[in-house]
Every structure is written in C-alpha cells, then in structure tokens.
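Below you will find one chain, with nothing else, as structure tokens; this is the form predicted alone, and questions on how it binds or moves follow later.
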Amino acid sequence: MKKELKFLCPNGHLGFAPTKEESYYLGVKEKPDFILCDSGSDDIGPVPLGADICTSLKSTQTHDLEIMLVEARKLGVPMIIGSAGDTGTNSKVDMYVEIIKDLAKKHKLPKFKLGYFYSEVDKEYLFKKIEAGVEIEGLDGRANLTKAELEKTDRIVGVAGVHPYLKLLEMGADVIIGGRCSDVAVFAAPALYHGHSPDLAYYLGKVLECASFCAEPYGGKESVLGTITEQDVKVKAMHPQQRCTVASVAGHAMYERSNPFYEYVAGGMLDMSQCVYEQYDEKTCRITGSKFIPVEGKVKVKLEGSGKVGERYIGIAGIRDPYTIKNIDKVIDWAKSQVKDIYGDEGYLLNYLVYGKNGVMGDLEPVREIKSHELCVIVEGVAPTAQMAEEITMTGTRQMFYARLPEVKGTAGSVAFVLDEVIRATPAYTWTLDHTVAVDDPMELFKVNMMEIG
C-alpha cells in the first residue's frame, strides 16, 4: 500500500467540451499516480444511447484522450477512462480503443497494455430473468420491468462498479477504457487496488467525478488533483484562479441526487452524512468522515435502456407582435387543430416549447404572466416515418402564421420563421429502463479484454 496516492482529473465529461490545457499541465507537474476521467452521462438524455451515437465531437474526444495518454505514458502511470463515448456502449469502447491505437502510433509510444471492458446487456438475458420470476426492480418510482417495456427497448447498458477496473488493474493494464460505469468507480477502483479503505476511496471518486465543478469560482473543464491517504481525502484546484473550498466541495458532493448524502454504486452505498470539511490551505479542501456501507446479499447492477419513439423534425418560429404573444396559447391550439384535421389525434406527437414563456420548465413554471417582448417557439413533430414527421411539423409550424384570433385583420405582425423549411433531427427516444438487476457475480455483465499496443 502506497500511503499517499495522487489522482489527476482533467475533465468532468471527457470530450463534451475540450479540456483546458493550462491547468491540466499544472496538474501533470504534481506527478500524479493516475490520470483519470469519466466520459459519460445520462444528462444528455436517451437519444445517444438508443441511437448509439456520440453527443461529443470525435475531434474533442481525441484531443482529451491524446493529452491524457501522452502524459500518462511519460510519467509511467495508469490512464483510466469511464463510460467511453458519452454512453459506454460497445461501439464507443471500440472507438476509444482505436483512437488510443492511433495515438500510440502517432507518438511512437513504447509498448503498453491496453485493457477495456464492455457494458451492453442483451435483452434476451433480461427476458430470461423475467420468465424465471426474477424482479427487475424499478428506480425512482418506476414499476418493475415488464416484457412489454423491454420489447420497446433498443439498447441497454449495465452501470459497472469498481469490479471490471480492479480486474484489469490486476491484469496489469496501463490504460483502461471502460464501458458504462458509475462515475465514482473510475477513481475508487485504483485507490481500492492499492489498499485504501472503501470509506475514503469512494468519496475520492465522488469529489473528483466532475473535475473543477468542485472548485470556485465556477469554471468547467479545468483540472483538479485528488489525494488519498490513510486518514483523509484532499482535493486541490489546478487553475491558478480557482480554489477548492469547504463550500464548493461540500456543495458538489450534495448535488445531482434525491438525497444529498447518499451515493449508490454496484456493491454498496457511500454515506456522506458525517463528512467533515476543512480548509487545508488556500486551494485545497480536506475531507474526513465518509462511510461506505457494503450491500448485504447479491450485488445489484443499475440498468439504463433506451427505446425509439419515432422520427423527428423541428420547426422554429419567432413572435414579436404583443397581441400574438398575449394569445400564444390560442395560436398553438389553432395550429394543433389544423394538424388534427389532417392526421387525426393519434399516431404522432406534436410538442410546442415556448421560450420566453415556459420553454424550459413547462408546466412546472411558476410565472404565469408573460412579460417577454418576443417569443421563440420550437415545434417538435415525432411520427413513425420521416415523411409523416416532416408533414406534421411543417403543418404545426406554418399554421401558427394563419391562426385566427379576434381583432386580427391581416398577417402583418404575426409569426416569423427562421427557416421556411423544418429541420430533420435525430430520432426521438425515451428512457425505457431505469432499473436494477441482482447478479450472482459482479462481473457477470462486464466482459474484460486486454491487448498490447505501441
């Protein structure tokens, strides 16, 4: 056991926007024992998983992988990536493996071991579980998984814990590309591998997962350095103008969860309710008191699944006329009625997002009185075929121009279109799985692989 380990995290979501290089290279000068980064999120919605695409540019992902790989090999320390390509699907793991191969060739790197694991789950595996009477438990109020809901699913990933990372580290991997996994696991696994307590190892992962989001003032894509010892975790901001403070670190630990003190992973739960935060120095916060509670019985793995709803088009309209703004609900009702007259009221979806009224929060918006001097209306049409989606979106957008309101005597001051046409978008998907499945072996859903390259 090395009593002190340093972990450099350059980005909270690799490739989503490029890593800022100044703070990253300052972090490299600290001689970290690991360079690690998570690359995935379900914040991006169900489309990338269902369609098996990236929301991040390949050029940006390559940039981030390149600066990590080159410096990790110079230092001779492991580089670890989680949830490759935004979703951690098998194809995105393969994409990252190929990028690493290309980068190794480009920089003429000496031979090293590249490990990777897959996280996709076959639907047939879950069908058999259901048929055997196994309950696939829903999370956050969802019902248990049914065959009908599973039928609607196009792609499923299991969210790995530390287990495949530990296996690959045991196999001697110098670089690890992970499929879908818990953000925390990317950082906790190497700390556990080197003998540190789960209590602190999992908290290390929690504080580092989003990089500089745990620092102030706000600045994304900057690097932070986490240090774990036998007594504590410390996190230090690398950007010259950022600091990791008691407020910024505690605040980050509590966000993105229904209960601010608990973080669940495959194999247990991190309890942060007794954490003590101290200002260690100007740029560093020290944390103690976290507690990891192992699961009793079988490990449960979270499942994320996405299913296609239909093809999708988008229309965009601007409104400046005060009378039309005042009567925007009537304008939309008119446009919907014209679509209904042609296509009926079933077999498609037609949504209107009114920015300047309630475009962000929808029915949850507490402000009811419109005070905007202009509105932007996004019309979203979803249907089984691209042709039908285009037609209902075009009709639903264009008919706003013709809305028949009292006191309107002509078309002047009505609705302006950003484009005369409507725009084809990615197909629409919905989350079909947010469940857990009990496994006999924590590695049951995760296949590890190893190769030598360079």
Partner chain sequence: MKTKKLADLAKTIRSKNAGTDKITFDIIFREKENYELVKNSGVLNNKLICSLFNIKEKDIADFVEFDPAYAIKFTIFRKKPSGSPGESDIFGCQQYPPLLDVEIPIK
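Fair warning: this is a prediction, and the values are worked out from it, not measured in the lab. Numbering follows the first chain given and starts at 1.
Beyond what is shown, the protein has a form predicted together with the partner chain; the following relates to that form.
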query	finding
4.5 Å heavy atom contact, Asn351 to the partner chain in the predicted bound form	yes
Contact of Asp434 with the partner chain in the predicted bound form (heavy atom, 4.5 Å)	yes
Distance check, Glu256 to the partner chain in the predicted bound form, heavy atom within 4.5 Å	yes
Exercise: Val134 in contact with the partner chain in the predicted bound form, heavy atom 4.5 Å	no
Listed residue that, although the partner chain is not shown, lies within 4.5 Å of it in the predicted bound form (heavy atoms), from Asp345, Glu98, Asp140, Glu151	Asp140
Interface residue in the predicted bound form among Phe292, Phe112, Tyr277, Tyr193, criterion: non-hydrogen atom within 4.5 angstroms of the partner chain	Tyr277
Contact at Ala51, Glu66 and Tyr125 by the partner chain in the predicted bound form, all three, heavy atom at most 4.5 Å	no
Candidate stretches 328-336, 77-85, 374-382, 182-190, one within 4.5 Å of the partner chain in the predicted bound form by heavy atom	374-382
Neighbours of the partner chain in the predicted bound form among 36-65 [non-hydrogen atom within 4.5 angstroms]	Asp42, Asp43, Ile44, Gly45, Pro46
